[in-house]
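A single chain, nothing else alongside it, follows as structure tokens in the form predicted on its own.
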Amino acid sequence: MILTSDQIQRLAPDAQVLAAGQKLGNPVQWQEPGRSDTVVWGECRGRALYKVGIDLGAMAYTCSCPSRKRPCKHVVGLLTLSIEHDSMLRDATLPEWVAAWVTRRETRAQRAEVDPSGESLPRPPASPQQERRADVQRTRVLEGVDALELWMCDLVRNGLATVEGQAPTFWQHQAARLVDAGAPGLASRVRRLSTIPGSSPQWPERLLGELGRIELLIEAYRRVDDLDPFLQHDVQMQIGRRLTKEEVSSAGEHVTDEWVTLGEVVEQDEQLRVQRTWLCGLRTGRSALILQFVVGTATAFPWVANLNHVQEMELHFWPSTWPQRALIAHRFGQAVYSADRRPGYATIEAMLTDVAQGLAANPWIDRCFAVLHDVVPIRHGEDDWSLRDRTGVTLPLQRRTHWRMLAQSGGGPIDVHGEWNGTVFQSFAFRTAETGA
């Protein structure tokens, strides 16, 4: 199949990706471009060396870059190269990574009933009993969110100042009603509201913002059937739907990379202990969140990661407009320690721009992982700290002492990685820019 420039323009998700992709149609940007039958491939030079493959027959594509826009600029660039510099693509056998991608798609098509392009085929119709159960469940959830919306309207009408002295049960009772209605995810979000009143001078603004996000979720759930399929997954997951590993592997994105473990947080949620482990792909620059749950304090988590160890793994991401959570599908070889510099952001503004794109796609993202390069820790008060980048932009740190970070930096730039929750940056670890310590 030979595409035209007009067809490529229609494939690009927006004008920005199209313009950037057309620039990448230059042969100097590509390494080892090739083709075989309907498949073209190449490695595009950028912040890393991104592997790009396209099946022109099925119009399926893969790219190892961290962009959430699909197709990304590298795919558009390879398509542009294939029509403007056709002679650059030499006939060759499929490289191992391209052949593996083609095989995975064909296997998924057979096992998950999807066509070779990865789009879902129609499933067999649900039985009458399944449809009735689904209708009953949806009715229960809708009744629960209607009651929650009425409660929130009363809350705002009475004034947010009235909640500052409320006991935790004020929020827990409403959350329990949502659990009974079959919306445990929404219940968890309501429980977290109890931590906001009195937490800072700006707590009313924060509480109002969280109430607004809950209202947006309610409206999205009422119209969930009209939404984009990936956004439907996001909304249903926020309400409380749980996917099996098989469903994640069937519907989600598969990414193989050298993944380095950069952070781990354990929190208590009711009777559960929740562990968040953040991984970073050394080739793709993507971040991945591995969640584990255990009941009680005596039970160990199934998977224990070694910080700063790297292992080749295939991850399957939960279907989402902005994929973060993933499960480990396959491990290759042994995990080895690495002190190499991690892929990350050169400026705080670049990180916040990426976060803004994520929130535009999925407004219910609570936290994002980031590696910040060449930032300097700054102390403003006893527990008031921030990070300053090379442009002078600052980012507030979690309120606790950061003397060790300051001592390690010696007042100079360091690399810091951690979670950004929209308010503060929680640092996990850091390394000096010069020594890599």
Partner chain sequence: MIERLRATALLGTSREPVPQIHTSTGLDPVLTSISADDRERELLLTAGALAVWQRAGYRAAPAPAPDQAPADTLPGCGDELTEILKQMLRRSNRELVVRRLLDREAPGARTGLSADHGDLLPEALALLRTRGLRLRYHLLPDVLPARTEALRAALRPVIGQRGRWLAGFNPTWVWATDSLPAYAEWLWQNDKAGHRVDLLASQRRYDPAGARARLETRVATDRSEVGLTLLDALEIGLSPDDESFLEGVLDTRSPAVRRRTARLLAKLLPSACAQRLHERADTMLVKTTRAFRRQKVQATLPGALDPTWQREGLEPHGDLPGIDAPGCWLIHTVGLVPVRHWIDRFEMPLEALTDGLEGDRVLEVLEAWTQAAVLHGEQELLPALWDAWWQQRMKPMRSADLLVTMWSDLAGAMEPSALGERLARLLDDPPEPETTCGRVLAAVAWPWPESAGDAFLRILQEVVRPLAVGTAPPSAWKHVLMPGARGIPARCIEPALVMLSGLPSLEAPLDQWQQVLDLATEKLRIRQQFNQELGR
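Positions refer to the first chain, counted from 1. Basically, rigid core = biggest C-alpha set you can superpose within 1.5 Å across the two forms. Here the structure is a predicted model, which means the values were calculated and not measured.
Not pictured, yet referred to below: the form predicted in complex with its partner chain.
J.: Specify the contacting stretch among 337-345, 320-328, 355-363, 179-187, defined as having any heavy atom within 4.5 Å of its partner chain in the predicted complex.
T.: Result for this chain: 355-363.
J.: Verify the contact flag for residue 172: yes if a non-hydrogen atom of it lies within 4.5 Å of a non-hydrogen atom of its partner chain in the predicted complex, no if not.
T.: So residue 172 does not count as contacting its partner chain.
J.: Is there a heavy atom of residue 421 no more than 4.5 Å from a heavy atom of its partner chain in the predicted complex?
T.: Yes, residue 421 is a contact residue.
J.: Is there a heavy atom of residue 382 lying 4.5 Å or less from a heavy atom of its partner chain in the predicted complex?
T.: Yes, residue 382 is a contact residue.
J.: Is it the case that residue 388, even though its partner is missing from this view, gets within 4.5 Å of its partner chain in the predicted complex, heavy atoms only?
T.: Yes, residue 388 sits close enough to its partner chain in the predicted complex that at least one of its heavy atoms falls within 4.5 Å.
J.: Since exactly one of 141, 290, 305, 152 fits, which has a heavy atom within 4.5 Å of its partner chain in the predicted complex?
T.: Checked against the cut-off, the match is 152.
J.: Can you pick out, from 86, 312, 131, 215, the residue that has a heavy atom within 4.5 Å of its partner chain in the predicted complex?
T.: Contact with its partner chain in the predicted complex is made by 215 alone.
J.: Pick out the residues of 175-205 whose heavy atoms come within 4.5 Å of its partner chain in the predicted complex.
T.: The stretch touches the partner through 201, 202, 203, 204, 205.
J.: Is residue 410 among the residues whose Cα moves by 2 Å or more between this form and the one not shown after superposition of the rigid core?
T.: No, because once the rigid core is superposed, the C-alpha of residue 410 moves less than 2 Å between this form and the one not shown.
J.: Superpose the two forms on their rigid core, then report whether the C-alpha of residue 424 is displaced by 2 angstroms or more between this form and the one not shown.
T.: False for residue 424: its C-alpha shift is below 2 Å.
J.: Please state whether residue 26 has a C-alpha shift of 2 Å or more between this form and the one not shown, with the rigid core used for the fit.
T.: For residue 26, whose C-alpha is compared between this form and the one not shown after core superposition, the shift is 2 Å or more.
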